[in-house]
Ligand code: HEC
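First, one chain by itself: the form predicted alone, in structure tokens.
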Amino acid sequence: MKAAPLKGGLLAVGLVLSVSAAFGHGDVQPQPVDTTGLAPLGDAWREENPYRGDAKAIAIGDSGFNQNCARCHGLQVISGGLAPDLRYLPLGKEGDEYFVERVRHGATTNGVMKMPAFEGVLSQEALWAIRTYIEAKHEE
């Protein structure tokens, strides 16, 4: 007689875990990025990375990337196939233009959001620090 309630309880636990796994990826809160030590950039978006090669920006970008971008673009910028592998994003101004467009406005394909917009969510300083980190991981 005690087996039925136990089975029902296990079934309920299994359903809860299944639902949380199914929705776990898409409902993630962006994490703040501490940009202490970086020069402030103001409100107007820069066209080129102002922190290129800056060791402090790379360290901040490492943390910011792994908290906010790695779930799709992979740890250490090595994509597992869910999203583009950013190690091959062009260096310099060409890559900066693509990066700014994507991080500010996100990306939608066939009506499905593939990447959220981060403008207003993360600061320009945080996003350029992430770009600096991505460039430090660049591969040909």
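Quick note: we count residues from 1 along the sequence shown, nothing fancier. From a predicted model like this one, the values you see are computed outputs, not experimental measurements.
From this point on, the text means the form predicted in complex with this ligand, which you will not see here.
- At the 4.5 Å threshold, heavy atoms of L86 reach this ligand in the predicted complex.
- At the 4.5 Å threshold, heavy atoms of A129 stay clear of this ligand in the predicted complex, well away from it.
- Contact annotation for A57: none of its heavy atoms lies within 4.5 Å of this ligand in the predicted complex.
- Among heavy atoms of V77, none comes within 4.5 Å of this ligand in the predicted complex.
- Note on contacts: among R52, H105, R71, K93, the single residue with a heavy atom within 4.5 Å of this ligand in the predicted complex is R71.
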